[in-house]
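Here you get one chain, nothing else, as structure tokens; it is the form predicted on its own.
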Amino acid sequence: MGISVCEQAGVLPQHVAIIMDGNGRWAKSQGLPRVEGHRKGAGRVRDIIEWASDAGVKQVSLYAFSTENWKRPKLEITALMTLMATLLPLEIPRMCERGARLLTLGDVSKLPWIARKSLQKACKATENNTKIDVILCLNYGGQQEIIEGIKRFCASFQDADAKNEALEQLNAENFRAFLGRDDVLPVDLLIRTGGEQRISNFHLWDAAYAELFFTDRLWPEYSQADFQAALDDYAGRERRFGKTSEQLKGETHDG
């Protein structure tokens, strides 16, 4: 395999966020029940950890179950939670072999007990791994995350004067401390599979300057070549963060 654009340029996203869309449509195209699509998609999760780790990515976050997904049929939700509870403990040895630490985002307290137990076991077993973080976003929504952060901010003051003073000094950097994202890097690259072109309430705060990459590939069919294509596309983009190209070139020259 030749050297990729990403390797040539030396530009690599530190945090890749993925909306794993298309499991149900893949199953339907195969004449299978939707749960089989989720089962097949779980195999891609295992693969993406390996691909991202080998590429040098430091964090990969996966939109596994959104706050809106509770609206799905109860049988599908039960199947999803059972699948996670069954497969996650089996992945612990592989994650430790890959140096992967499991983290979660979202209100996992609302998940069924059997799913919470498996999550706790996997997080505990991998907590000392340092090569790559795998962040499962479960019962997660970006708007809800920000609302909860506002609640924590308001509850952190004993009197109105202290709160008013803090409000005057409030900025994006110090508000982020109330979002419960201490171990999470800002999103550099957000990938969505399945052909839809929206972010669906995912990482609204930390994807503020993320590069977006959409692909028609359904998640169960997603390949290492697809992932590398996203990394190479990212490497070819200019990330200005509000500055001009000339300013960036000047900073590079000064450095």
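Keep in mind the model is a prediction, meaning the values are calculated, not measured. Don't overthink the numbering: it's just position in the shown sequence, from 1.
Here the subject shifts to the form predicted in complex with farnesyl diphosphate (FPP), a form of this protein not shown in this document.
Shown without its partner, this chain lists Ile77, Leu87, Ala125, Cys154 as candidates; in the predicted complex, only Leu87 has a non-hydrogen atom within 4.5 angstroms of farnesyl diphosphate (FPP). Residue-level contacts in the predicted complex: of Ala229, Ala42, Ala210, Ala52, one residue has a heavy atom within 4.5 Å of farnesyl diphosphate (FPP), and it is Ala42. Shown alone here, Arg94 lies farther than 4.5 Å from farnesyl diphosphate (FPP) in the predicted complex, counting heavy atoms only. Proximity of Met20 to farnesyl diphosphate (FPP) in the predicted complex falls within the 4.5 Å heavy atom cutoff. In the predicted complex, farnesyl diphosphate (FPP) sits within 4.5 Å of a heavy atom belonging to Leu136. In the predicted complex, Ile199 stays away from farnesyl diphosphate (FPP), with no heavy atom inside 4.5 Å. Residues Arg25, Ala64 and Arg72 are all found to lie within 4.5 Å of farnesyl diphosphate (FPP) in the predicted complex, as judged by heavy atom distances.
Partner proximity in the predicted complex, defined as non-hydrogen atoms within 4.5 angstroms of farnesyl diphosphate (FPP), places exactly one of 103-111, 77-85, 179-187, 141-149 at the interface: 77-85.
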